[in-house]
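As structure tokens, one chain now follows by itself in the form predicted alone.
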């Protein structure tokens, strides 16, 4: 079984709401996914199971801005991130993430994976998608908050170049836990692009290729 990423569609909302409740049981109020589908600043990606040989279609690797892939990527960006006109058939969703784009910053607001699917590289695939979306939107950096006690997530984020930039005191209302603010360096530099491409290759070697559909 492989996994793919694509934009959230209206028909996905019940499954994504279910994943959010499982991943963040104390979150209140729940995320207004239906409303956010019409928010020009908000984007959501969902991860789904790709059965059989369909999972073996490799996604193009990021390399340089002059590559054919980057040209295709920015053509998609100019076309915008509209909800697809024809919805895909129902799929079993295993994770989701939210990203808000503000000025030159891509802010990851949530990364949630079904409990039964954890440990299979889905969270990392979602981070890959967030960085690729940030490239599409020409963001300068990617940032997020993470619980100070969530060392597993912090390790993943550091792997992708996120560094601690500060602390939000009492950020999580369920237990008043602090949040670390973690931000990448500039993602458009040659050093970051080279590192990101190496991480993409390593993820594919461990987990198999993925289908990543980032815009319509």
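Positions refer to the first chain, counted from 1. Predicted model, so just to flag it, every value in this text is computed and none were measured.
Beyond what is shown, the protein has a form predicted together with a small molecule; the following relates to that form.
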Run the contact test on 6, 51 and 131 with a 4.5 Å heavy atom cut-off to the small molecule in the predicted bound form and return yes or no. no
For the interface check, one of 40-48, 150-158, 27-35, 175-183 should have non-hydrogen atoms within 4.5 Å of the small molecule in the predicted bound form; which one? 150-158
The small molecule contact at residue 206 in the predicted bound form, heavy atom, 4.5 Å: yes
is_contact(residue 105, the small molecule) in the predicted bound form, heavy atom dist at most 4.5 Å: no
Any non-hydrogen atom of residue 118 within 4.5 angstroms of the small molecule in the predicted bound form: yes
Is residue 93 close enough to the small molecule in the predicted bound form to count, meaning some heavy atom within 4.5 Å? no
